[in-house]
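So this first bit is one chain, no partners, the form predicted on its own, shown in structure tokens.
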Amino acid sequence: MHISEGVLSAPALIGGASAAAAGIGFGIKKIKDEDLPKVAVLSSALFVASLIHIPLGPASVHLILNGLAGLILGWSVFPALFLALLLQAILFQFGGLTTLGVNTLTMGLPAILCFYLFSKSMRSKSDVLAIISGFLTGVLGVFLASILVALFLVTTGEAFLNVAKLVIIAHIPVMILEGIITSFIIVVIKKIRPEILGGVE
């Protein structure tokens, strides 16, 4: 769901970068020394998840895993996403350096929302509740990210309106797939290392 270089207007880029910088700064302040390995592993997972992607006009379609990352990391998801996206931009030219802030924001905000909505239910003893919450987390993380990408495209110009709609529609299969993947991973984590689902508020 990377937005490519040379697409967004200057106000959209500046606004997105400023908001992302605030999220990254707050996330870094929340990271404890013992959380560093967890942040590094999730950042690596985020990096790998979108390596297989399908270009879609000024954006792309791929797995995101932002909802899952948000559940596990809380606010620390912002620096984890930023690092993953930075390496993708430098190594593979996915997205770009000028759109790095916007891309971090569009994936980070839904991740934080998923954390606040579902983190408590993930820590409950009910596996059924965890499965349902995990599925909703995967779906909502992708859905909200696609909405934010569409909004950034539309605010740049009405010419991107059709592309914005296409971005949302094209991510419907990804929403379902991420919902299934997130549910599976959450159930496994609850059985093996339930303390991982702590997050950072």
Partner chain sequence: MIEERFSKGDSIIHKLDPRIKIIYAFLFSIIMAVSANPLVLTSGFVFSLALVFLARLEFKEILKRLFLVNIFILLLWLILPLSVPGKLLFSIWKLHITQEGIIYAFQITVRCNTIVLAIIAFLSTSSILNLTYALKSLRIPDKMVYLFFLIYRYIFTLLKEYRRLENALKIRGFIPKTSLQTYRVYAYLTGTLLIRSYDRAEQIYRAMLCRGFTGKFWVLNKNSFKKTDILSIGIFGIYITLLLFLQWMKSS
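Quick caveat: nothing in here was measured; it's all calculated off a predicted structure. Residue numbers count along the first chain shown, from 1.
Heads up, the form predicted in complex with its partner chain isn't pictured, but that's what we're talking about next.
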Does at least one non-hydrogen atom of Val48 fall within 4.5 angstroms of its partner chain in the predicted complex? yes
Find out whether any non-hydrogen atom of Leu65 is located within 4.5 angstroms of its partner chain in the predicted complex, and reply yes or no. yes
Looking at the partner-bound form in the predicted complex, is Gln93 within 4.5 Å of its partner chain by any heavy atom? yes
Do Val174 and its partner chain share at least one heavy atom pair within 4.5 Å in the predicted complex? no
So in the predicted complex, are Ala17, Ser126 and Phe135 all sitting within 4.5 Å of its partner chain, heavy atoms only? no
Listed by sequence position, which residues of 35-51 have a non-hydrogen atom within 4.5 angstroms of its partner chain in the predicted complex? Leu36, Pro37, Lys38, Val39, Ala40, Val41, Leu42, Ser43, Ser44, Ala45, Leu46, Phe47, Val48, Ala49, Leu51
Compare the CA separation of Asp33 and Ile189 in the predicted complex with the one in the displayed structure, and answer closer or farther (the difference is at least 3 Å). farther
Distance flag for Ile192 and Glu34 (Cα, change 3 Å or more) in the predicted complex: the two residues are farther
